[in-house]
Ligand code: PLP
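Here's a solo chain for you in structure tokens, the form predicted alone.
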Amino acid sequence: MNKNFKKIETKLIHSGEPEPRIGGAVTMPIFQSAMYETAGEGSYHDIKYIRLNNTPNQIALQEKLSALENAEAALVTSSGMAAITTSLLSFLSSGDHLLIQDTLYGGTHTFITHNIGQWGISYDFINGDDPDSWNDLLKPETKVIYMETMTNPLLQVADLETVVAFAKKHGLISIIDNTFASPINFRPAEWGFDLSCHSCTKYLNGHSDIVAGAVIGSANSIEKITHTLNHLGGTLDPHACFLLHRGVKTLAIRMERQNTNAMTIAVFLKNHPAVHHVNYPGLKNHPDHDRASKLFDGFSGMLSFELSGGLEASNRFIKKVKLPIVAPSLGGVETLVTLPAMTSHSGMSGEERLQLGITDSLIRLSVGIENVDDLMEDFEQALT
């Protein structure tokens, strides 16, 4: 179904759904078949086969995801890292150069610093708040500029409008990891980004029961990435497609609650005497608050903070909270708490983390959809 629904809440439910409905099924069935009858396909990439990302569950899900960000096409992958690495390797080859934000999800940072050089690709980290410095790092062989909507775990918001203008001026492919914001809060295609990547494990699915990824953007770019993924093999299986398809339908109501819960908790923590500092772009004292307010429809459910007592206090807080689950990852209906130095950014050295401002005592909180008063009461007892 390719109707032009106006509102994202309606797109979540109806975009990409088959028409007519398959056997009258209200929910998209699981097509648990690895291959399909040949029907005169003209090229290798058109053969109906799970690994080629073109079977019914994949197609329906990809149409829905592209509609959410008002983009032309989408591709689902086996993980968020599969989406990121395949996108980069589709537009970078030996001799090319990459400009990439200096504060990143740990897995992305490790891929850049430890793996991408094996293919003869060079890179430079850029400060998202200092566009004047980007020209000094630009090279004739620069092909891609890569950012995060909100950085993990410090919740910085780069000058994204200038990123797009810089990319267009210099003929670069602009890629942004939109996991933290989700399409409810930010739609990169509307602001001129060529591609957005998601770990669908997080907000898009929202139930902490699958690992999946997606790339969303122009039809030509997605076709190129699809061809690369078809050979690398990072494909999403039909059952995971089904779960993601089901989970994403409640994204709007989940994200609305997580936006409001996180804002309430950020204010609570900011005013608590045991808390030294809170990173949340919804707070007026956040250095990127004005920029985030212009770009985003909401500030997401992610925040991080430092306690006045350092690592000892952080460990004590982690042990004493009762409602949040101490676990890596984020974006689910349940509140999760973790120390990034021990989980998401443990692949980086301590020196690398400190250079970016990620201390061993930094606490990252993924706020769920529980009653916010219950959460704050729990935090109060853990902080006392």
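Everything quoted here is computed from the prediction, not taken from an experiment. Throughout, we count residues from 1 along the sequence that is shown.
Form predicted in complex with this ligand: not shown, discussed below.
Stretch 210 to 218 is the contacting one of 121 to 129, 210 to 218, 161 to 169, 223 to 231, since its residues have non-hydrogen atoms within 4.5 Å of this ligand in the predicted complex. Contact check at 4.5 Å (heavy atoms) against this ligand in the predicted complex: none of 203, 206 and 252 pass. At the 4.5 Å threshold, heavy atoms of residue 61 stay clear of this ligand in the predicted complex, well away from it. Of the heavy atoms in residue 81, some are within 4.5 Å of this ligand in the predicted complex. The shortest heavy atom separation between residue 193 and this ligand in the predicted complex exceeds 4.5 Å. Taking the partner from elsewhere, residue 180 is found to have a heavy atom lying within 4.5 Å of this ligand in the predicted complex. Of the residues given (85, 199, 174, 156), 199 alone sits with a heavy atom within 4.5 Å of this ligand in the predicted complex. Contact with this ligand in the predicted complex, defined as a heavy atom within 4.5 Å, holds for exactly one of 105, 134, 242, 91, namely 105.
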